[in-house]
Structure formats: C-alpha cells, structure tokens
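As structure tokens, one chain now follows by itself in the form predicted alone.
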C-alpha cells in the first residue's frame, strides 16, 4: 500500500470526514523543500478521497509570525521591523529595501509559491493567520491559554525539558511600536491582556489581532478551531520534546483531539545540505518548474516514503528521475496485478508503484510520447518549429522548460550536444569514410542507424572504442557523449554524411 493510502486507512478509523493541514511562515523565498510538506498533505487528501472519505486540504500561512532578524537578502532598514508581524511589514523591493507597494512582506513571498502550487495541481483552502486573529478565530483558545497559563507552563517545561522565563505568558501582545519585542505581560482580565513596553503601559484585546499565541500554543490552537485531523510536519517538530509532543497535550487542555501526525524528512540539495530560505541555499518551486514537468516534481515526493530523506539534484539525477517516472507511466500496472504468480513482495512493489503514479498525475493529462531525455537531445539539434511540427503543439510547454534547463547552470555536461558545422580534420578519416558507406544505405531511424554502425565496426574489424571515438569526433567534435544513433536519426542524412567526409 502506498504511504498516502496507508495514512488514509489510518484516518478512516477516526471517522469519515477529515481536514488535512499544512502550514508555513512566509519569512523568505519558498524552496522545493517546502513542497514536501504541502505535497504530502495534498497526497493524503487525494488518498482519502480515493478511499471514499470526505477530505479537505488547508494551507495555513503564519502571517502573524514576527520578523525574527534582518536576513541576508534584506537591507538594514528592516531592523526597525524586527518583532512585527509579517502581515504588517512592507514587501522588499529589488534591492531588499522596504517598498511602498501595495503588497505586504508575507504576500511578496507567498504569491509566487501559490502560482507554483497551481502548476503542480495543489489547490488548498488558504487560511491567513493574521486575519484569523483579526476576526476573533483565536479568541476562545487564547482565553483558555491565559486562564490556564500555569498548566500550559507545566506542560511545556515537563515535556520539552527547558525552563521558561519567570515573566513568560502564553500570549504575546504587540507593543506600542507594533513589535513583540520588549513587551512584558502584567495581567489578564478577559478580554484584555495588560502589558508594559519600555515603561509605557498598554492592553491588547484577545478578540483582535493585537498579539498572538507563542508557536507551541498557536499550533494546537489552530488544530482546534480549524478542525485539523491530520498534519504532516518536519522531523524537528516531531522530535522528543518537540512542538508536536507539547502541542498534543495543550490540544487536550483546549478540549480538542490532536491530529494524526505524519513526520517527514527534509529535502537537501546535492552536495550543499538542507535547504534554507534565510541562507539562500535553495531552489525555488517556480525555478524547479521551469526545468521539469510538474508530474515529475510530484513524483519526487510521491515515490519516496516521508521518513526517507530526499537529495535533490537538478542535473543528471533529474534525468534519471524523469526516466523512472516515464517507465512507470508506460506500464500497464492493472494488467500486471492480475498475475497470480506474483510474490507478496512483488505485489507490494506494484501497489507502491500504482500509488506513486496516481499521486503524481495532474488532471486527465496523458504522458507525452517524447521522453524527457529524448527531448533534451531534440532541443539541442532541432529548431522549435521542427520539433513542434514533428511531435505536436502540446509539446510546447515541456519544450520551453527543457530549453530553460539547457541554458541554465544545472544542465549536465554529459548531455551537452553541439553538432559541428564543418568537417573535423582531427577525425579518423579511414573509419569515418567506412561509416559513410554504411550509413548512406541504411534506413534513417535510430535502430537502423545503430545496427549499421555496429555492422560497419564488425565487418571492418574496427574496435567499438576506436570507432565511436572517430564518429563522435566527426559529428560532435568530442571523444564521447550521449548515445549517437538517436541524435543522428534527428539530423538530416546529408548533413551527417557530409561531416563523415
């Protein structure tokens, strides 16, 4: 059973109606590591619906969270906004300075991510945390937290093993300057929390966005009023003493049933470690989608169990991932499942494969007849018009992504192709003239060309190593490269024969 189907089966034991949640703080540029959480939630929702359950996917954007520091991509002018909610901070301009535009800081980073989600067929209900505080959605949970602050303190200190500050309080008011910093709570009487900032007193109404709950309380409060029954989250939150461990006890204190947890590992960049928005070690979702079809990006998550780490490589590994997805998409898994001689292990593998393919598909789109690897070759040896004429206009979107990849920094050199315009004087003329003779008479398709090359080497007693070196030098000007027969088949025969001398 695919991991998403297994999660749906577990949820079915809790009831027939579910809300699966994902959440994030828009403090910087989103990266494909963030896609693991949101795609995990989306796939569980899809699996629930496939199992006949009523399911909704919500994406909670923590816009009430404060700016914690001046990140490297921001100017020092943002230091005055430290501690202020992201929903109330101006978006950075192209120089990292506070802008005068209509969008706030949170919207600036969230909007491109939402566009990426549409491309990968993820359409959750968006919940804005700041607006939720503003409309009073958090008021009841905030009241309980304030009234039971000693019990919540005990839960956090006992489970996390850390001692809270003496003046800690389970609600953080925004001070006179709009910041959470330098604010000390002095009292509580519903619906107000009283406080002092820099010697000046004030009060915050729990029915309004005049403060927020600390993260370890904000999270279970959301579970309660949203009605979350399942939430995937990173291994940091799932660690012993982490925020889920304290959250589920606080959730019970609120009178709620904590959601079913699903802990996932992080995505890292090959050779660069875990992705981080604050350090700039990222590949953004839109950037990734400029390189690879969205189905393949979904497959990256769908084909890997959540607790297994993923190393993303936008180079040769991307080709191998696409190859794997395309091989799977071309199989008739339903027919394979009818084989009575399958072992239990084979059946499990087939169920996993079927689930991964089901979770990767976008709408009713059928997979293209042109493979990712083959398209990478076509885009280098033919014009766009020639490719579209031969394979159809529905290839345009994939072709545009492919050309972005080829022209960018991640394209692997071993796939790089540049067909020569003139005869290479360094090529072995004896071998190339023999190849000229054989290739001038064969059918002009990849299989026939490959067979003719092999026949030439065999009958002329040319070692394949020497023969292919001469052929690569004559056509591409290098000693080795991608498979030549498919490349030659896409080139004009007379052009190839001319290069062979």
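We call the rigid core whatever largest set of C-alpha positions still superposes within 1.5 Å between the two forms. Computed from a prediction, not measured in an experiment: that's the story for all the values here. Positions refer to the first chain, counted from 1.
Below, we turn to the form predicted in complex with the RNA, even though it does not appear here.
Contact check for residue 240: a heavy atom falls within 4.5 Å of the RNA in the predicted bound form. Under a 4.5 angstroms non-hydrogen atom cutoff, the RNA in the predicted bound form lacks residue 410 among its neighbouring residues. In the predicted bound form, at least one heavy atom of residue 216 sits within 4.5 Å of the RNA. In the predicted bound form, none of the heavy atoms of residue 268 sits within 4.5 Å of a heavy atom of the RNA.
Stretch 337 to 345 is the answer when you ask which of 74 to 82, 146 to 154, 337 to 345, 288 to 296 has residues with heavy atoms within 4.5 Å of the RNA in the predicted bound form. Residue 352 is the only one of 352, 326, 313, 205 with a heavy atom lying within 4.5 Å of the RNA in the predicted bound form.
Residue-level contacts in the predicted bound form: of 400, 198, 421, 236, one residue has a heavy atom within 4.5 Å of the RNA, and it is 236. Contact with the RNA in the predicted bound form holds for none of 10, 16 and 438, as no heavy atom of theirs lies within 4.5 Å.
In sequence order, 458, 464, 465, 468, 472 are the residues of 457 to 473 having a heavy atom within 4.5 Å of the RNA in the predicted bound form; the partner itself is omitted from this view. In the core-superposed comparison between the shown form and the other one, the C-alpha atom of residue 56 has shifted by less than 2 angstroms. Comparing the forms between the shown form and the other one on their rigid core, the Cα displacement of residue 29 stays under 2 Å.
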